[in-house]
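Given as C-alpha cells, the chain that follows is alone and in the form predicted alone.
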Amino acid sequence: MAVTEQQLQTLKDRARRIRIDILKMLTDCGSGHTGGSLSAADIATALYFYKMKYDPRKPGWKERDNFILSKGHAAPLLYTVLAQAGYFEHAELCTLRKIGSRLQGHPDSKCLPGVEISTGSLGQGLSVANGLALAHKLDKAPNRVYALLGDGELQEGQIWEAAMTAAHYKLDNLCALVDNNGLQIDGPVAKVMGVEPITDKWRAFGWEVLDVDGHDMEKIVTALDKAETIKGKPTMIVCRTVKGKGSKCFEGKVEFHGTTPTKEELATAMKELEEGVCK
C-alpha cells in the first residue's frame, strides 16, 4: 500500500523536530558531529517512524528489527531518534557527552537501551549487520536488519568483505543505506579517496541497488518498501544527501563534520527550521 500524503507530512515534521533536537543538544554540549547527523535525519526518520518493528518498552524484544549505526559518530542523530521513539526521556538529550551520561560521543550498547552494538570504528557495522541477518535466517525468523553507512566509510576494506559475504549468503533480510553526502573529516570524499561509482560497485558485488534523493521522504520510504520485496540478495539504498542539511549555516560545509554550532548559528537555524511549530 502506497504511503499517504498525511503519513509523509508527519514524517517530514518528525525529521524537522529531530534536526532541532540535534542542533540544540550539540550547541549545549559544544562537542560532537553536526554535519553527518543532520544529513541522515530523513533516513533515520523513515526507518524508525515508518518502517522498523520495535518496542521501546522491551528493547530486547526478540521480534524486533535491528538497526546498526555503522557511522557511529552520528550518535546525536541516533540518540534523538531513540528519545523520540520512547526508549528514554527526552530531557536526557541535554546530557550529551557530559561526565556520567549514557549519551557518549559514540553509541554504547552496554548502557543505553535501543543501541544494538557499540560503533565508532568505521567499517565494522556492515559485518555486524551480516551476523544478525544470518542469525535470523538460521532461526527462520522474519526480522529485518538495517545498517547505515557513511560514504567516506566505504573507503574501508572491511566494508567490501562484508558486501561479498552478504551476497554470498543471499541475505535478503538485510538492507544497508549509504548517507552519501560527499564530505568526510578531511574534505570531499572524491579528493580524499573517491568511492564512485557507488551504485555500480554494489551491483557488481551482487546487491540490489536503489539510488534515491536522501531528503525526499517519499522516495526513501518507497525504496524501503521495495527492499522488503527483494528476494535472494541484500539491498543497498544509496541516499544522495547534503552534509548539514536543514540550515544554510551548515549545509555543504566540511568544517561542520566534527564541530558544533555557535549560539548565533543555532538561532539562525531555529528560524529556518520553524521552531515555533515544533512544540
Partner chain sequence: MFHGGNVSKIATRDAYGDALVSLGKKRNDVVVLDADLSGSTKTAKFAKAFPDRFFNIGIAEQDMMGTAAGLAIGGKLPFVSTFAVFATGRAWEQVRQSICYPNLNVKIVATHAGVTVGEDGGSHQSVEDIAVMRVIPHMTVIVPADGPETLQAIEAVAEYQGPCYVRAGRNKVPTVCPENYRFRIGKAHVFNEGKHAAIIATGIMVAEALKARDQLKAEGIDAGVINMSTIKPLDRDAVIAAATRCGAIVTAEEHSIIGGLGGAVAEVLAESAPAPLVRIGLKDTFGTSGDGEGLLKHYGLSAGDIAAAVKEAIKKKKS
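Positions refer to the first chain, counted from 1. Computed from a predicted model, the values in this text were never measured in an experiment.
Just so you know, the form predicted in complex with its partner chain exists too; it's not on screen, but the next bit is about it.
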**Complete:** Assert contact_stretch over 132-140, 84-92, 103-111, 171-179 against its partner chain in the model of the complex, heavy atom within 4.5 Å, equals 103-111
**Asked** How about residue 120: is it within 4.5 Å of its partner chain in the model of the complex, going by heavy atoms?
**Response** yes
**Request:** May I ask you to check whether residue 193 falls inside a 4.5 Å heavy atom distance of its partner chain in the model of the complex?
**Result:** yes
**Prompt:** Heavy atoms within 4.5 Å of its partner chain in the model of the complex: does residue 229 have any?
**Reply:** no
**Message:** Taking its partner chain as it sits in the model of the complex, is residue 186 in contact with it (heavy atom to heavy atom, 4.5 Å or less)?
**Reply:** yes
**Asked** Taking its partner chain in the model of the complex, which residues of 10-34 have any heavy atom within 4.5 Å of it?
**Response** 31, 33
